[in-house]
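Presented below, as structure tokens, is a lone chain in the form predicted on its own.
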């Protein structure tokens, strides 16, 4: 019986390492992490770039997962499965935070809300399931832009619509924000889509560490933020804990 193909094993190891990284990685970083020669890693990367499984950043020369691979990685996971795995954790997050919870995925240049838990009080609220939210002006959207190459490509050359005074409409500023999202592992929006409303969100990962959606809370700025309009660290922790829990249920081993 034929043995394993070494080049495929090495390519898979590179893809797993890129998937588990919070940012782009260079040839030297990949080579040292995997114990491979730089030339070997570079050759494999060239092939992965050619088939769209990996993309190279022109400015830094570093690599990240490509849109083609991300599409394959999320194709096994439909919206119903994401919602069904996340329901209990979303309910728990709403109870713990006291805020409304939404789960979103990328669809046609927007964030599609696939699950919504009302804020646990007696206020009048509208169901958001099926609503399309802007990527650049919401916490859920920023998470998807930071980790989903398809989402990032959808707005790369698009005009960023202004919804409020604080909406980010400059692509360079947005890129800086998304770098910070990847560094810290969560995103926030403060009066960027709706006046007086803030949001906090974190990525949901599936098998292999690929981001397949985002979970977050939304509510009044004065409840989610401090006097300096910085997100409450306790609420950030609740959101990240929920995202990790859903990710574990979806088979993610790292987040």
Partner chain sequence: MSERYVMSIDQGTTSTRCILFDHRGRLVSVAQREHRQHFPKPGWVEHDALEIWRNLERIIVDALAQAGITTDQVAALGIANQRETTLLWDRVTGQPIGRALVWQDTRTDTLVAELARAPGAGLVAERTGLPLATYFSAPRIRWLLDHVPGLRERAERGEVLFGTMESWLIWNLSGGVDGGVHVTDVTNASRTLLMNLTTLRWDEELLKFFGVPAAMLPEIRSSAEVYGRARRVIPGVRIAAALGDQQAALFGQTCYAPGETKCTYGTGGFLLMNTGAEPVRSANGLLTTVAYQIEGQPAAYALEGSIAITGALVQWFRDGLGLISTAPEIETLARTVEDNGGCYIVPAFSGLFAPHWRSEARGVIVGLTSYITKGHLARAVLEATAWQTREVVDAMNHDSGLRLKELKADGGMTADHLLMQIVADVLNVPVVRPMVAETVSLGAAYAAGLAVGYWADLEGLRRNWHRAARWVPAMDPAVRAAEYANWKRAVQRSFDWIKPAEP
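Under this definition, the rigid core comprises the largest set of C-alpha atoms superposing within 1.5 Å between the forms. Computed from a predicted structure; not experimentally measured. Residue numbers count along the first chain shown, from 1.
Missing here is the form predicted together with its partner chain; even so, the following discussion is about that form.
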Exactly one listed stretch (148-156, 174-182, 82-90, 104-112) reaches within 4.5 angstroms of its partner chain in the model of the complex by non-hydrogen atoms, and it is 82-90
Residue-level contact is defined here as any heavy atom of the residue lying within 4.5 Å of its partner chain in the model of the complex; does residue 163 satisfy this criterion? no
Is residue 95 close enough to touch its partner chain in the model of the complex, meaning at least one heavy atom pair within 4.5 Å? yes
Report whether the minimum heavy atom distance between residue 133 and its partner chain in the model of the complex is within 4.5 Å. no
May I ask you to check whether residue 168 falls inside a 4.5 Å heavy atom distance of its partner chain in the model of the complex? no
Once the two forms are fit on the core, has residue 55 moved its CA by at least 2 Å between this form and the one not shown? yes
